[in-house]
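We begin with a single chain expressed as structure tokens, specifically the form predicted alone.
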Amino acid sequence: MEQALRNYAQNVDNVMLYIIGISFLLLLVITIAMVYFVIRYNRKKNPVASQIEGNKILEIIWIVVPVALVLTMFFYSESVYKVARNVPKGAMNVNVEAKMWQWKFTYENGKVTDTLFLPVGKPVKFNIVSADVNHSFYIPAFRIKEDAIPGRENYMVIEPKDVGAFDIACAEYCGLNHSLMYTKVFVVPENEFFAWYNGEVDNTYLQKFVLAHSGGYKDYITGNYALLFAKGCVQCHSLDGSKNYGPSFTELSRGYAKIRSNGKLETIPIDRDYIARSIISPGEHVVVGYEKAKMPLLTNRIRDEELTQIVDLLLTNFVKKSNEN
């Protein structure tokens, strides 16, 4: 059972391929039959319509065979689904709370994070709840999701087998900023995870791990930008100058910003204070050309130390690099 849990994503893929294969086979048989009937019984060959008698054998075949195939799909799928419902002995519990539009993860020892960290090779049971509306806890790389419903606790079980960084998304439309409800799960070596979990290292250790292992996001993302992805910043602000809902981070290299404040146009320098206020109070200074795109408030989604880290990150990688050039 534990091996099946470890290979859960591959088993889900196999079920999907099995269903697609059967569906294609049925489509092929039906299409061939339709073409045959069109040719065999067209008006030229049959100018006078004739009564066709039933065929019990054929009728039994086209009822029994599809039903049998559908049942094999059902039982195959059900056998894989049950794997994520059986909680292995010694599984670690992580409470997952969904709230517009953020995730909160609470570990057995009371630690709370908004980015999920898991030890590789250890079964984990997620206890999933919602604080407001319907959400859905979805980890695409693990091929698994479970609804978060107000007033009810759901659960699912995984066992990560590879170290890396993987997306977490909300798979249920939950309001205006549903598309921003992203975070990450970092699967880390067991000894490193428990060094943090047991308090042997401080919280900055996790941030360093995020920076060091962020290559798991996508091939073109370097470790420097890991926190921007973990906090959903790149959902609206690109790293390469391409157009998006908000201004690209590359625009910081200008050294100044044309903004609209209280209806007045102003040009202000881009410095530490400007970047910090743009994150915490996005409606105070709105960059010209982006008035219609309202940035969500991040007060409950970002800690003071994370804000400092993001500001330093943007200053170092965009503003200061421009000044050096």
Partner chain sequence: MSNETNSATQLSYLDYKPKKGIWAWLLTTDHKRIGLLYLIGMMIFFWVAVGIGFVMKLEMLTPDQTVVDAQTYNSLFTLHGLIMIFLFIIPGLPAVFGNFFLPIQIGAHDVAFPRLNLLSWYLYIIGGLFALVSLHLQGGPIDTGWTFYVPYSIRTTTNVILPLLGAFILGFSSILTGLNFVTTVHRLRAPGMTFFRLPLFVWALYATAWIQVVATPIVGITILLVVIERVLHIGIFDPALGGDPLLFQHLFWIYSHPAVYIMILPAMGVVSEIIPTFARRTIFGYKVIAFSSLAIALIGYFVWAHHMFTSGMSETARFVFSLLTFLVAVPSGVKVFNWVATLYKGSIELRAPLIYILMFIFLFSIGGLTGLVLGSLATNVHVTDTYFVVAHFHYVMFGGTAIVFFAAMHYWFPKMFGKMYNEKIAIWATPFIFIGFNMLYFTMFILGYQGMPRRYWSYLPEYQELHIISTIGSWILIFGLVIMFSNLIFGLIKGRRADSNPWGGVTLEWQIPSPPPHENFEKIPVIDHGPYDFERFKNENKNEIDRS
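Numbering follows the first chain given and starts at 1. Rigid core here is just the name for the largest C-alpha set that superposes within 1.5 Å across the two forms. The structure presented is a predicted model; accordingly, all values stated were derived computationally and were not measured.
In what follows, reference is made to the form predicted together with the partner chain, a form of this protein that is not presented.
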Though only this chain appears here, would residue 162 touch the partner chain in the predicted bound form if you measure heavy atom gaps against 4.5 Å?
no
Give a yes or no for residue 23: in the predicted bound form, does one of its heavy atoms lie within 4.5 Å of a heavy atom belonging to the partner chain?
yes
In the predicted bound form, does residue 15 come within 4.5 Å of the partner chain, counting heavy atoms only?
yes
Quick one: is residue 170 in contact with the partner chain in the predicted bound form, heavy atoms, 4.5 Å cut-off?
yes
If you check 66, 289, 283, 269 against the partner chain in the predicted bound form, which one has a heavy atom within 4.5 Å?
66
Please state whether all three residues 27, 70 and 178 have a non-hydrogen atom within 4.5 angstroms of the partner chain in the predicted bound form.
yes
Segment assignment from 187-195, 79-87, 116-124, 248-256: heavy atom within 4.5 Å of the partner chain in the predicted bound form:
79-87
Going through 52-70 from first to last, which residues have a non-hydrogen atom within 4.5 Å of the partner chain in the predicted bound form?
52, 53, 54, 55, 58, 59, 62, 63, 66, 67, 70
Rigid core superposed, CA of residue 64 - does it shift 2 Å or more between this form and the one not shown?
no
Checked in the predicted bound form: CA of residue 245 to CA of residue 186 differs by 3 Å or more, atoms lying farther
So the CA-CA distance for residue 175 and residue 244 moves by at least 3 angstroms in the predicted bound form. Closer or farther than here?
closer
